[in-house]
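This document starts with one chain, in the form predicted alone, laid out as structure tokens.
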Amino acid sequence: MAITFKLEVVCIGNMVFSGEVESLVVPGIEGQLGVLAHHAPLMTILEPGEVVMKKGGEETVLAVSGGFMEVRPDKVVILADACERAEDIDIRRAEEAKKRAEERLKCPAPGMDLARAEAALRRSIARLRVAEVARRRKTAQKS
């Protein structure tokens, strides 16, 4: 039996996930960061991307728009700016947001905040990736 650890994912005051997991992969500011039980304590900034939690062969994927993660001796806490479960993502809206962000970056207006536009593009891409994982999983379960 694999060793588990407590994980809490909180978004705007709402508990999105609370439970035991065997592993966790998050989009850290310097790249993907994996966490297993008994990981050294740390705190990091999260980039927009996918949070992947695994337990007992099951994988749960969330899209986060950024935030923070703290690894403590007794648990891991993710404080996300925004967070969505794969099944809650509206693919059409995510595709439209991606298209808008790409258009803004193609022809930036004077004084436009490029970092904000790039972050919007990364968020929409993360949402689409997470939704695609959920779609593939449903298709595999039907076969």
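Only a predicted model underlies this, so the values are computations on that prediction, with no experimental measurement involved. The numbering used is simple: start at 1 and walk along the sequence shown.
The protein also exists as the form predicted together with a small molecule; that form is not presented, and the subsequent description refers to it.
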| query | finding |
| --- | --- |
| Interface stretch in the model of the complex with the small molecule - options 105-113, 77-85, 54-62, 37-45, non-hydrogen atom within 4.5 Å | 77-85 |
| R93, heavy atom within 4.5 angstroms of the small molecule in the model of the complex | yes |
| is_contact(M69, the small molecule) in the model of the complex, heavy atom dist at most 4.5 Å | no |
| Proximity of A97 to the small molecule in the model of the complex, heavy atoms at 4.5 Å | yes |
